[in-house]
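Take a look at this single chain, the form predicted alone, given in structure tokens.
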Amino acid sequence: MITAVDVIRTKRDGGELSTAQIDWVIDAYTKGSVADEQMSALAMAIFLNGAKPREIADWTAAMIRSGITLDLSSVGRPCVDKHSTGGVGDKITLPLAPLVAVFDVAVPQLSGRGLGHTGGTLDKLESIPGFQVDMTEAQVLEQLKDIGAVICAATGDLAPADKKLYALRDITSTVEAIPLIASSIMCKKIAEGADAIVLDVKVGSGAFMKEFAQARELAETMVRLGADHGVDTRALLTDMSIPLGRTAGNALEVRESVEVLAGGGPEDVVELTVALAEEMLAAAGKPDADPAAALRDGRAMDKWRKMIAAQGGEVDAPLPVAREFEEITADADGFVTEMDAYAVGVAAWRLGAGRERQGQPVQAGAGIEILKAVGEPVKAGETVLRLHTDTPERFAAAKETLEGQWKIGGEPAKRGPIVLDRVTA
């Protein structure tokens, strides 16, 4: 007979959990017969003692079995999903999904909301008047057949064990455990039923993983989990030491995404969007597709407009604008040499673009515009950052967060490569 105490003791003492133990504890926790304090103890034991690849694979499989698995076989084209581990200014999903769909590849992008300094894709899209993120499985399938791209909320039926465990990890300081991060991400992605998964694993101050070695370990673990479940999985490790693009905030990032779809936008956003699109298209068996051309010639924009309209969005409606703004200016001539991504993300959150706890509302127009990015020249008195919010009492805390987190020097700094490494099975 398996008991929660036995499972906890095994991992506490550095032992390896059996498949039967893992299956039992995930099922029992989902049904409520293992208490939160017992699962908290087990999560901390995993955090402290780690887990073997076989344990992580079994843990992931058990969480997948706790709910439904989507069947995308009726879509009639390759289905490729993408997941980012989260960053500052990371609006890539918005232009990427319609861009890949141009090439007759379906993108079932089930996304989440922001928490803390990283933004959420659903929050960004909900700044578009009328846009609906809640869809039934039938609606998702119909839109994938018709348009090829959908960005919506995951249903509660997908990996419900993970939903319970994630909330618990968040309040017990066990979020950072790589076995639990990897299984949490991959159980949902595998349950979504895609043929292939491309992972964007962020590295740097604005990312969840601050160090390259840690990020690579997470990428390798997730790629292996995908392969274990028969899903072609590959990962790009990408730089998140400075913000991505020139905006952090919901409507601000939608506006920038539309610029990218119109053939413009910041170079780094375009570069990463195209790199991930090429990886997704290669996984779908279309290595010769040219996503950069589809951004330039308007095909990706056409898909975006169809996707937004299909989900109730008013395609041509003006996006929300915050009621108040303040500017931060340079106090000397020179070049912007540093811009800490984490500080920008926290400042945008403090302006109202993010939330402190699940369920809290966000301000659609709040956030930060970066008028002078790293490497660009600036003169004393010129605006470097523009802060937006509906509640001006938030400006002081945001400006305090940014103080000393961006710098001006005498020599131009060059941003390094966006894509740092690639991991495949």
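Keep in mind it's a predicted model, so treat the numbers as computed, not measured. Start at 1 and count along the sequence shown; that's the residue number.
The next section is about a form of this same protein that is not shown, the form predicted together with a small molecule.
message: Using a 4.5 Å heavy atom cut-off, which residue among F208, Y342, F131, F103 comes into contact with the small molecule in the predicted bound form?
response: The option sitting close enough to the partner is F208.
task: With the small molecule left out of view, choose which of A289, A283, L180, V274 has a non-hydrogen atom within 4.5 angstroms of it in the predicted bound form.
output: For this set of options, the contacting one is L180.
message: I need the one stretch from 334-342, 166-174, 248-256, 132-140 whose residues put non-hydrogen atoms within 4.5 angstroms of the small molecule in the predicted bound form.
response: Of the options given, it is 166-174.
field: in the predicted bound form, L125 touching the small molecule (heavy atom, 4.5 Å)
entry: Output for L125 is no: heavy atoms all beyond 4.5 Å of the small molecule.
message: At 4.5 Å between heavy atoms, is K188 in contact with the small molecule in the predicted bound form?
response: Residue-level check for K188: yes, a contact with the small molecule.
- prompt: Does the small molecule get within 4.5 angstroms of any non-hydrogen atom of S184 in the predicted bound form?
  reply: Output for S184 is yes: heavy atoms within 4.5 Å of the small molecule.
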